[in-house]
Structures are given as C-alpha cells and as structure tokens.
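For reference, the chain that follows is the form predicted on its own, supplied as structure tokens.
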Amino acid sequence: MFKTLAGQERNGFMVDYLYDGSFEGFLTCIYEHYYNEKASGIYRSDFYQASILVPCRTVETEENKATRVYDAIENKISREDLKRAYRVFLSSAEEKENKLLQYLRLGFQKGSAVSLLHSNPIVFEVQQIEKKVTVEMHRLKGLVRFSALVKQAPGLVDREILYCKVEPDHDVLEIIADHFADRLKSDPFIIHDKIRNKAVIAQAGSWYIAGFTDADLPGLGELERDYRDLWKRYFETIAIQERINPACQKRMMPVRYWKNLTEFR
C-alpha cells in the first residue's frame, strides 16, 4: 500500500513530520519523534505530497532541540555515526531522512556497535550512501579548476576573485569548503554549485554558504583566457601518446565532470 520505507511503520505511527530542509530541522524532527508523537516519516515540506490517509505536522526548527539530538548521537552512538548521518543528509538519496531515522533508531538501541552491523539492510544502505558522498567529496577536491574573475565596483579598485563551477550529484559544498579555505587563505574564492544555485564564498580562511546564480558572476580577468590556453597546451603537451588510456581517464575523472574542467572546454 505504501512504498516508502517509513510506510512500513505507518500502521503504528500516524503522522508525517515536515521540516524546512535544514540539518537542524531534521534533528528537531528526531527530537519530536522521541519526546512527542512517533513519526511515520520525515519529509521536506517543499517536496511533500500530502495523503488523505496520513496526517502531517510541520515541525519548526528549534536550535536547542537540534543540539540535544546532535549531542545524543555523538555521545550515545558515536562521533563517526554523527559524521555519517550528516554526510547522508547531504546526499541526494531518495527518502534519506527516513533511512536516517531508521538508522538512528537502531543506533540508539545498539550504540556504536551499529556501525558493525554490515549485513543489516538499514545499516548497509546508509553506509553505501555515505560512501558515494565521500567519494564525490574526494573527487571534487582534486578536480576543481579555478578561473580568475574580476569584481568591478564604481570608484573602487578592481578585485580578482577565484571562481569555479561544479555540478555534483550530492550537496557536498559544506564538506569541501574547509579544504579549499585552508589552502587559499590569501585569495578570495567562490565555488558555485550550479545545480543547487548556491556557493561557498570564502576570504582569508573563513567561508559561508549563500544563494548564487550565473547572474551574480563577475567577468573574466584580463589574463584568464591566456591562462586557460596555457593550461590546455600544458595538458596536451605532457600527454604521452603511447600511455593514453581513455578507460582509465574516465574512471579517474568521470565524464560528467569534464564540462567544468578547463582542459576539456
């Protein structure tokens, strides 16, 4: 009757929780699940499809409740599982909230041993989702290509900003931001997730996430086109024809990333 994971429990729990899409909002739903009414499912309010059979309730994000659940996961399950929960939350997996709900319920029963239950389908699926997010995070750390854009403002000196565009499968900006902020402390930069219309905006080692679209882009720097040509020529020049291996290249740099790499434009 119901196809969702959470739907397997609808006979016992009769309310869907709707939240604002933030991790804090999700944790607030977990709090409500334990201290108020049991949830039949947790869903983003903007993607929710109402059913006449199951009532729903909007849960407002409350920082103190989210913090209590955050601490409970870290202390009663493990810090690794807290990190796993966050990475799975950043994934694009369908029903990720309900998979996490089941995982955390199991974790609060088993403690840190939940990570060892590899044959459990709930644990296995969450671990597989985390693996995909982690793989994409590491790939982007190596595949990001910055261009130099120039921010112009009337009456002010033009300022150069490093910019790159990415289109990841998962919402990984937050977990790659520290990596680049640490390495580019002297240069302001923007990493733009075109799919989600958001960006990491960083300067002097600090960063924040903001909404961002192509309309917000400054123009190319004066030397940027020359640098792009140089990079392409370098990429082609260092290639050893006898060792070119397209299959290996596609495995290490999946084709879906190529359109944002300078050497393939």
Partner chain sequence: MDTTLEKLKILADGAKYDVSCSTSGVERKNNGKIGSASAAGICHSWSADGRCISLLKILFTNKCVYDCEYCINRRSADVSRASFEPKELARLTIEFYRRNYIEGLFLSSAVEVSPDYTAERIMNCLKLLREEYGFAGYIHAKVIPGVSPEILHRIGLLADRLSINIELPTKESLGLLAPQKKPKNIFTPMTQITQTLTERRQLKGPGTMFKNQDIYSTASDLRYLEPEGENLTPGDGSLLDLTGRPLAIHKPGKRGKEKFAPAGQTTQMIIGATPESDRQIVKTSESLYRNFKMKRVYFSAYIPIADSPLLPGRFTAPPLAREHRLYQADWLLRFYNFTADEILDEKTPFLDLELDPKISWALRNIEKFPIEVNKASLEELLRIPGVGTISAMRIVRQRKLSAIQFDDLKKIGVVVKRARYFITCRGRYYGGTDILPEQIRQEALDSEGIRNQLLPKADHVQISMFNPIVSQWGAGIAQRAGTVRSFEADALNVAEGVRSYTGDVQNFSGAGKERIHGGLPL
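It should be emphasised that the depicted structure is a prediction, and the values quoted were computed from it without experimental measurement. Take the two forms, find the largest set of C-alpha atoms that superpose within 1.5 Å, and that set is the rigid core. Positions refer to the first chain, counted from 1.
A second form of this protein, the form predicted together with its partner chain, is not displayed here; the remarks below concern that form.
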item	value
All of A113, L184 and Y234 with a heavy atom within 4.5 Å of its partner chain in the model of the complex	yes
Listed residue that, although its partner chain is not shown, lies within 4.5 Å of it in the model of the complex (heavy atoms), from I175, L82, A93, L143	L143
Residue among E60, D216, E37, D226 with a heavy atom within 4.5 Å of its partner chain in the model of the complex	D226
Proximity of C248 to its partner chain in the model of the complex, heavy atoms at 4.5 Å	yes
Touches its partner chain in the model of the complex: A210 (any heavy atom, 4.5 Å)	no
T134, heavy atom within 4.5 angstroms of its partner chain in the model of the complex	no
Interface membership of I244, its partner chain in the model of the complex, 4.5 Å heavy atom rule	yes
Interface stretch in the model of the complex with its partner chain - options 98-106, 114-122, 72-80, 85-93, non-hydrogen atom within 4.5 Å	114-122
Core-aligned C-alpha movement of A50 between this form and the one not shown reaching 2 Å	no
After fitting the core, N64 CA displacement of 2 Å or more between this form and the one not shown	no
Rigid-core frame, C-alpha of A210, shift of 2 angstroms or more between this form and the one not shown	no
